[in-house]
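Taking the form predicted on its own, here's one chain by itself in structure tokens.
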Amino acid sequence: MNIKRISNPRIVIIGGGFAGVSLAKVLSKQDVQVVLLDKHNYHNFQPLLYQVSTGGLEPDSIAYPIRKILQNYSNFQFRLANVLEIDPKNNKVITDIGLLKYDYLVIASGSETNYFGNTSIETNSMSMKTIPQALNLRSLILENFEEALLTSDLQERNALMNFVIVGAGPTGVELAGALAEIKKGILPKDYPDLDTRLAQINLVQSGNRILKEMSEEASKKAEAFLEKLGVNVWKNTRVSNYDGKVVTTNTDVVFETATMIWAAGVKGANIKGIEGADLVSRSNRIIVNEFNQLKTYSNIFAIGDVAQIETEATPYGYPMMAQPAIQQGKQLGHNLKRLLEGLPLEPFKYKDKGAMATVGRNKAVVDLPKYKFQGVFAWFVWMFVHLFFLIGFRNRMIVFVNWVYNYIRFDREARLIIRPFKKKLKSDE
């Protein structure tokens, strides 16, 4: 990889997400060599991916070059690489561009979509974990309406305008709200010769309420917001299969749709080499102690979504969200400094700063540790928090201007088919 070996300890970080970047920043002033590996050269602000997929934002407004984030740190190296395997016995990382030895390894590879072993759903549905996936979804949504204009088959037209979102967590709820606003404010103007009132947005949840990780008050209010926007909310309904045309469930409910979006769960994006029931949980997360340290390998750590800190209070780890990842990255940075100085490590303590989700224009729900509120004020709080955590002044300004413009004009300028997307069905193979 053409990385010069120096006398300082080498810390290799796999993943440039919230956890990896937070850790690298803390280590920037230490006498160590930091090498960050990622298969993308940018940090992706995942909470706003749904706005890229629905034409509210362009992808460059929620992405930021990793090299630029850390360019002023003299001890930092970045390599664009796909990590294939970890060799913990020999302290090596195996990638598609070569091998790299480490003194300390931090796995911050994040999470990936969990299809729970259903290959048909994995093949035929759309997911939204990366920017390329969000762009594919945006193209597919717009192409569906273009195709609906051309067909004289009413059943086919309805299927093209019928959207099924599986999973009513923050991603599913926010995406459903965005699609509902497009149906109400944009489609009638863009497609005046198409009866867009027939378009359906269906949000399917296997449990008895949406936003189950938030308060019951937030859940009920968010559902009321969605129903007011015209979203069909299906609770206690578990999707069992999707063949690219028909969604079947554990009930009598069946959806004929050309687009099913899977937002029903995630699992750890673990890497080959860290294996075994004592190291990896059922959700494919790496099991670590309260110091984010692996049980078997004292010089290997895991942070963020891929890490599962097992304690009596958190037997299944912390939520796979940005805040735990950021806090774990910062804490591990301080712990690595203590480790190098021969001091005892300090356990990670999560400070719950709350949860929030937006449903649409002037509609959001916010759960803070001491306060819970919904509506317009919650919507402004949601916007402020997301702008604050975006990386880069330019990105903040672009997103803010887009939001103001979209609010005033009730428009989404980024509804562009930049690269056409053709969904490959399982039956096509």
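Because the structure is a prediction, the values reported are computed rather than measured. Residue positions are given as counts along the sequence shown, with the first one as 1.
The form predicted in complex with another copy of the chain is left out here; the points below concern that form.
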item	value
Non-hydrogen atom contact V254 with another copy of the chain in the predicted bound form at 4.5 angstroms	no
K68: touches another copy of the chain in the predicted bound form, heavy atom cutoff 4.5 angstroms	yes
Any non-hydrogen atom of K25 within 4.5 angstroms of another copy of the chain in the predicted bound form	no
4.5 Å heavy atom contact, F78 to another copy of the chain in the predicted bound form	yes
Partner-facing stretch of 264-272, 300-308, 68-76, 352-360, counted where any non-hydrogen atom is within 4.5 angstroms of another copy of the chain in the predicted bound form	68-76
Heavy atom of each of Y42, D96 and R138 within 4.5 Å of another copy of the chain in the predicted bound form	yes
Partner-contacting position among N236, N241, Q155, N82 - heavy atom within 4.5 Å of another copy of the chain in the predicted bound form	N82
Candidate from E146, D278, E341, E227 lying within 4.5 Å of another copy of the chain in the predicted bound form - any heavy atom	E146
Residues of 165-198 having any heavy atom within 4.5 Å of another copy of the chain in the predicted bound form, listed in sequence order	K189, D190, Y191, D193
